[in-house]
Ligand code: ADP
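One chain follows as structure tokens, the form predicted on its own.
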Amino acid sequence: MAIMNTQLGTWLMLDHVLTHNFDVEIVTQYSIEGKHRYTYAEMAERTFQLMNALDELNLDRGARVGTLAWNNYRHLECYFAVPCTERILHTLNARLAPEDLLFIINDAEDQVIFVEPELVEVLEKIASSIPSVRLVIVMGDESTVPKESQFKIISYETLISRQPTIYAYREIDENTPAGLCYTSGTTGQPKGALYTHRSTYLHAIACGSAAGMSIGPSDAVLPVVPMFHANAWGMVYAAISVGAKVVFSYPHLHPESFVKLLQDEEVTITGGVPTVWIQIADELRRSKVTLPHLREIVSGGSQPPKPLIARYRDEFGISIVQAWGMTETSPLASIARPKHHLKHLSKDKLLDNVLSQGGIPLPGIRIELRDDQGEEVPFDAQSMGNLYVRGAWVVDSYFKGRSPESFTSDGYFATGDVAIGNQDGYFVIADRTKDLVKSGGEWISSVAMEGAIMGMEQVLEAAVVAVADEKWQERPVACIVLKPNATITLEQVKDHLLTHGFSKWQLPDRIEIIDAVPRTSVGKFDKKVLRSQITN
């Protein structure tokens, strides 16, 4: 007697849609005025049409198919049609400069690229330098295709229009590659993380579980995080796998329109980087709009400031949970949820000891903290260690064997993060290794200092970077974006930090008032750019 040998993957999710969740709604808001609505059943039929079209193109098994696209229903159809026909979905970052796209497209050797109408021009700029691209498909109807192009080019709707709305279930080995996503390349060239059908399915189930984002059939899920960034943190596949309503937002919606979308579609779970929620909090306060259906915001990409979590909790009755992960971990690896015996803590202690932590690894993920000699570092709430991770949806190498030094002989991935674990088993990211401030031989966490400064009433955002110092090797500089009409002094910042657990020797010697914190293409603080700005 044995267990049935079921191959895990995107087909298993799609097949479930057809049988059980055919009447669930998928909503895309393209602009302030317009929405597109259809059901899972209609999504499946169009996906089958796309699958038939991809087969007609005679793409090889394992061919890379790029998407240069926003969050919308056509992109969702690509999410399933490409891997379900044994090709590899390569989500291209729509916010990258043409020269960065050039490197990634050539490294992946994309043969077909699906592109939003407004982004065709970006591809045209590099058309002569991406020889592997055989066809460009504009994600719209025939009116969105440019009259002249350097590519062989066709509209999405024309491509699928004459195709059958059925497609036979295909048994695909679960270890077959399904998706490819590149790192943001903040240090060196971007590197590709290749996901398999198995890892994608397991990640979706873990993401939707109560230990993860807790997504079920009763939910309406709105991923603010782009679908081109590590599969939208797995929120899309998790939602589809359990039959949740899916809501996609136009990337340029103003906070007022975004709040209205949350309200009108009765969104229960949403997720994005902390800077989004800072703006939305200001809009909620201004408009006095309530969101009774929204029970949880998943925040990732960087550590949300404690005052932001407290503000949503106390002012709006909405929970912010912190998630941690990387492109290399598919990306969700841990989430900060309280254990049963910690629920009795006061709301402030719960915030300090649980909700502001990186969390507990999801089942299927293992982490270790190690010192520079490779020895394990204890979870004692004080000791910093280099963070290593392994698991069922963690890559064991980069695409084409890039940077083998990032993977250890005992099967772990060296994240480049420095973390601190506490006695309850939670860990928090102290910093990226390259962003720690080493002053007088001691480490200062820029992340912790940023979070504390962003708790000041005058401050909209803050980023802390290290600058060279003849005496102490490095010293922290706090770069601050102020709220409108606000002012701040260095002494005010120092006094605030002293009351939030920092020692005198850790305090910044100077502050810089800036208009905006430079960001990477996925919305993280770009400290490499910031350092160059304040030192030049």
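We number the residues from 1 along the sequence you see. Keep in mind that what you see is a predicted model, and the values were worked out from it rather than measured.
There is another form of this protein, the form predicted together with the ligand, and it is not shown here; the text below is about that form.
For the three residues H229, A323 and K438, a heavy atom within 4.5 Å of the ligand turns up in the predicted complex in every case. Stretch 300-308 is the answer when you ask which of 81-89, 300-308, 132-140, 196-204 has residues with heavy atoms within 4.5 Å of the ligand in the predicted complex.
In the predicted complex, the ligand sits beyond 4.5 Å of every heavy atom of Y169.
Though the partner is left out of this view, D417 does reach within 4.5 Å of the ligand in the predicted complex, counting heavy atoms only. At a distance threshold of 4.5 angstroms between non-hydrogen atoms, Q163 is out of contact with the ligand in the predicted complex. Residue contact check for K152: none of its heavy atoms lie within 4.5 Å of the ligand in the predicted complex. For the residues D219, E328, D110, E77, the 4.5 Å heavy atom test against the ligand in the predicted complex is passed only by E328. Interface residue among K347, K434, H293, R285, judged by heavy atoms within 4.5 Å of the ligand in the predicted complex: K434. Taking the ligand as it sits in the predicted complex, the stretch 442-472 comes within 4.5 angstroms of it through a non-hydrogen atom at just one residue, W443. Between this form and the other one, the CA-CA gap for P378 and D435 widens by 3 Å or more, being larger in the predicted complex. Panel note: the distance between the CA atoms of K434 and M326 is smaller in the predicted complex than in this form, the difference being 3 Å or more.
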